[in-house]
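The chain below stands alone and is given as structure tokens, in the form predicted on its own.
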Amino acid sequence: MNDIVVSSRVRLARNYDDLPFPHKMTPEQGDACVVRTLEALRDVPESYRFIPMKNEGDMEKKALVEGHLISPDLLLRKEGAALIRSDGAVSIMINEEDHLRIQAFAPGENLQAAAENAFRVEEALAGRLNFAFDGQLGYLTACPTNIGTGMRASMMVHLPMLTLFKQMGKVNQVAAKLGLTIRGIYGEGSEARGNLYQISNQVTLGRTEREISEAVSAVARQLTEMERTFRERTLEKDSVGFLDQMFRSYGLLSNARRMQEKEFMAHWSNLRLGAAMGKLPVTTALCDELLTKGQSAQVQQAAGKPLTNREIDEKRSDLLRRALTGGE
């Protein structure tokens, strides 16, 4: 399924039982939430980078959002902070909508690995701290839709052909009936740039963690079958036109000297489509790496300095050429 599923994520919402939710916190309570979280993780074997939002520059914060390590909402929280594990597989958002948002990631279709990582961190924290929990409702959260397990399982899927043939409306209807939702690349309120979508559960109350994961996986498998069917039909119907689309994007990404982010995302979708179908001399793993590295803040971060929009577009093209052809 990795030709369709780009990545898997499990997110756990947890709140301390003696503090108000973040939107009701005083600055002192927000700071206390950060301190106790740091103390609780002090002795774990993994190393984390601590990032207070108020001390981080705009470029660095945007790069974290582009890498899906934090949410755009965390940027708005004065007492917000993040803990990023050294391997990038786990991030903990502090004082976002809830006291803690524990996120774990895995490449491709692997919710189990993501869940194991997330719950390992949660267990380390729960061993030292008390979370708000009700015997009937489960974990208590700021948003009622997260009450229960507090778990959101999601997969990022690449669906260029379902998008092209206007099937996403039907897909959304099917997902809604199963208690799932399909959103854009950065979650709620974002657009599906690069024909990328996030499938996740809508509610957590009344469902076990296993049931949530199985529901998301089942829809991902269904979408994978549909997407593959449309790819095969299109290739049979007009193989030259279909291949031409992929190779044109490959050619532009491999040779352009200046490319805006919107254009990059459109050609990236064709590049990954060609890689997944074995039609281009690139791997899906490389495509997925370029997806993050080609974002504007990531380009600036790699350059080590703020850049103008024109310089970003030029540096992006330099990065793409080197990655795809090894040339300058």
Partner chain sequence: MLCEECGERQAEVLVTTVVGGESVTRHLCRECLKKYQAGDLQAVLAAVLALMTQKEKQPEITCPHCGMAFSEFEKSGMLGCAECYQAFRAQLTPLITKVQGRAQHAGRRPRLSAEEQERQQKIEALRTQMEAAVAVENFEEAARLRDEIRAMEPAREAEA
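Because the structure is predicted, anything quoted here is derived from the model rather than measured. Positions refer to the first chain, counted from 1.
Beyond what is shown, the protein has a form predicted in complex with the partner chain; the following relates to that form.
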| property | result |
| --- | --- |
| In the predicted bound form, the one of Gln103, Ser154, Asn146, Asn95 near the partner chain [non-hydrogen atom within 4.5 angstroms] | Asn146 |
| Residue (of Pro72, Gly206, Gly184, Gly251) lying close to the partner chain in the predicted bound form, criterion heavy atoms within 4.5 Å | Gly206 |
| Contact stretch among 127 to 135, 104 to 112, 81 to 89, 226 to 234 - heavy atom within 4.5 Å of the partner chain in the predicted bound form | 127 to 135 |
| Touches the partner chain in the predicted bound form: Leu140 (any heavy atom, 4.5 Å) | yes |
| Contact test in the predicted bound form: Glu123 vs the partner chain, heavy atoms, 4.5 Å | yes |
| Exercise: Lys305 in contact with the partner chain in the predicted bound form, heavy atom 4.5 Å | no |
| Lys24: touches the partner chain in the predicted bound form, heavy atom cutoff 4.5 angstroms | yes |
